[in-house]
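Only one chain is included here, represented as structure tokens and corresponding to the form predicted on its own.
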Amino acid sequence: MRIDVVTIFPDYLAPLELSLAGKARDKGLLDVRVHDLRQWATDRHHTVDDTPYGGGAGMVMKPEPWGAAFDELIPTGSTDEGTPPTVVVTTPSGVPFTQALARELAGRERLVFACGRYEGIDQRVLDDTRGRAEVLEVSIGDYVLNGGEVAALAITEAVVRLLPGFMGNPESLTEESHTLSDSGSSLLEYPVFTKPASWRGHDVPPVLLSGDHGAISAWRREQAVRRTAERRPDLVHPAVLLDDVEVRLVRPSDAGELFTLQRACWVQEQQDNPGVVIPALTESLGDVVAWAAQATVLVARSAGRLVGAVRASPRGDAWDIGRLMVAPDLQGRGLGRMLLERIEAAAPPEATSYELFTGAGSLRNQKMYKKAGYRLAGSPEPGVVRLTKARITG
């Protein structure tokens, strides 16, 4: 693969000579060429920026130097072994950079990075370049850097390590964060440990010392699912939460298990909210049967058992959500978040918002709801907080 980087700070790209990237260049897997944009500036000061049309703060990179650079690096009508290069413009207004995009770029024969500075590159440069090459505007995150060089380094490292022959042990690529699993999920990597087995009172999990490769594999997968569900629930495909999970409307035959699950879940709530009266702990089986018949109730079943549930009903123009519960041994895998999304989707058309209530001491619950877009909206009674979220339609 050939990579060209155009920048006004060539020394910023010196790290490409280090570590595995440098070794890849030595082995001929990678051809990296760094170019100083100022060599294409024509005035004696080598000016590459000017004030923006329409006014505003900051400066904009001029089209002339960039146009001349691309004319030389990507002449009109030229190809690199029959394939036009891909121009990667690093900008906070680009599409998010992901592992999937890294894999896609690793299949290109040539990449040309355009490292912008100031307020960015004159848009006409990108429009003109699209006539001779593929142009991708890419962002490495929702924040702003001083220039595109750091982003170019990050993208380059993520891409070239996927090249055949780059990694000494190709198997190391299959167990990393963001590697696509068979279920369609992109899981974060499980926790890792090395010698010694005990350090400062912290012990390596016994399963990793057992020599049971099947148990070790299962533990690592479970840890990856838990970590991803907690930190990046958007990455978890519902199928990976449990080996076999079915979410459906409640049936009368579910009432007994629903009653038992409710008791088990709200014991922890009582411990987190001492002195608060929790109706879920005082209801009878008949009470559960009654509200299950009146509200919209979803239950999750897996391996023959009821492992989660949630209910909702209209309250004015709000969709009132409650009794979100997950079996204690399965909490932390994202099942609660999935049930919340499912019950939100079941709201009637006239509902303009969602609301729910939880204990003031139930900090874990509040954290999950806030991640899902809910915000605190007061305390209707001592020990209880109300959270709401506007419904977005269309």
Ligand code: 6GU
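Not measured: the values here are computed from a predicted model. A residue's number is simply how far along the shown sequence it sits, counting from 1.
The same protein has a further form, the form predicted together with the named molecule, not shown here; the description that follows concerns it.
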Fill in: Contact segment among 131-139, 295-303, 249-257, 320-328, judged by heavy atoms lying within 4.5 Å of the named molecule in the model of the complex
131-139
Response to the item:
Residue within 4.5 Å of the named molecule in the model of the complex by heavy atom, from 290, 280, 145, 208, is 145
Discussion item. Can you work out which of 191, 84, 314, 92 has a heavy atom no more than 4.5 Å from the named molecule in the model of the complex?
Written reply: 92
Practice prompt. Examine residue 151 and determine whether its closest non-hydrogen atom to the named molecule in the model of the complex is within 4.5 angstroms.
Written response: yes
